[in-house]
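Heads up, the chain below is alone and in the form predicted on its own; it's given as structure tokens.
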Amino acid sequence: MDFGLKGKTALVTGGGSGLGKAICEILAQEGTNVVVHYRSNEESVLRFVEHLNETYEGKSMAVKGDMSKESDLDNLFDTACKHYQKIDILVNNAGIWPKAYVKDMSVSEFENTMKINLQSPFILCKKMINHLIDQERKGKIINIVSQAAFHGSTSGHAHYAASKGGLVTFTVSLAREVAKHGINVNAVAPGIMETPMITANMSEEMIKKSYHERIPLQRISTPEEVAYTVAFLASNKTDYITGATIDVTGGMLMR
């Protein structure tokens, strides 16, 4: 199926690893120019971008930045605009998953989680909608949230769940504001995935014990399985979908 993404330009935060990397690859497969945002592992990210450029028709580039710094976010967006002249798709994927129970959580831990997981998407969304409105063009914004936004957390991730819950309602509010401009704003809520962020914090045995019995499909997902939903929402097949959150959790979240 032709998703109508050939020649489009997408900015993907946290695009150097895990889900973000899978999103970048699938968008590139569709002929999209991809701006791969990253914060660390520069050598690996540059090799990945080289692979995208050698393998697919679109032209990709990497831009480094700290999501907690507004100046870096400005540079990320402005660099992408200068290079490609336009951005058609914004995927707010970058995030952190720190662990601390509320009784032990510091204010700085809570604030940092909100800054990266909620404030940085707000800043980039604001830049994106003004960019599209100024150019009188339609566009797509996809925010990566989590099943935790709806289930909450009992495992020391209350600040993460709160940030993702905030991003869900922000997505709905923004979708209402900008629908008249032809800008679609949606979210994807993954469950547990096989990503470095997860495996760095949980052993395979912990994952099986904590999640497999709670997932009706009885397995965790690959990043690619979630990334296909992101590509679908970025496509011209979803022009009549806005303000929605699509759950990709293997049935862990059913609403």
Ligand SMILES: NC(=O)c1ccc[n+]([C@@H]2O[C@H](COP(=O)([O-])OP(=O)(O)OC[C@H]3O[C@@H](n4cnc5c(N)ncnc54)[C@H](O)[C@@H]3O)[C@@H](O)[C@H]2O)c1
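We number the residues from 1 along the sequence you see. Just so we're clear, the structure is a prediction, and the values are computed from it rather than from any experiment.
Beyond the structure shown, there is the form predicted together with the named molecule, which is absent from this document and is the topic of what follows.
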Quiz item: Just one stretch in 128 to 136, 81 to 89, 168 to 176, 143 to 151 has heavy atoms within 4.5 Å of the named molecule in the predicted complex, so which one is it?
Solution: 143 to 151
Quiz prompt | Contacting member of T222, N53, Q29, S68, with respect to the named molecule in the predicted complex [4.5 Å, heavy atom] | solution = S68
Quiz item: Are all three of R39, M193 and P196 close to the named molecule in the predicted complex, meaning a heavy atom of each within 4.5 Å?
Solution: yes
Quiz item: Is there a heavy atom of L19 lying 4.5 Å or less from a heavy atom of the named molecule in the predicted complex?
Solution: yes
Practice problem: Could you confirm whether A94 comes within 4.5 Å of the named molecule in the predicted complex, counting heavy atoms only? | Solution: yes
Quiz item: At the 4.5 Å heavy atom threshold, is F77 in contact with the named molecule in the predicted complex?
Solution: no
Quiz item: Within a 4.5 Å heavy atom cut-off, is A162 in contact with the named molecule in the predicted complex?
Solution: no
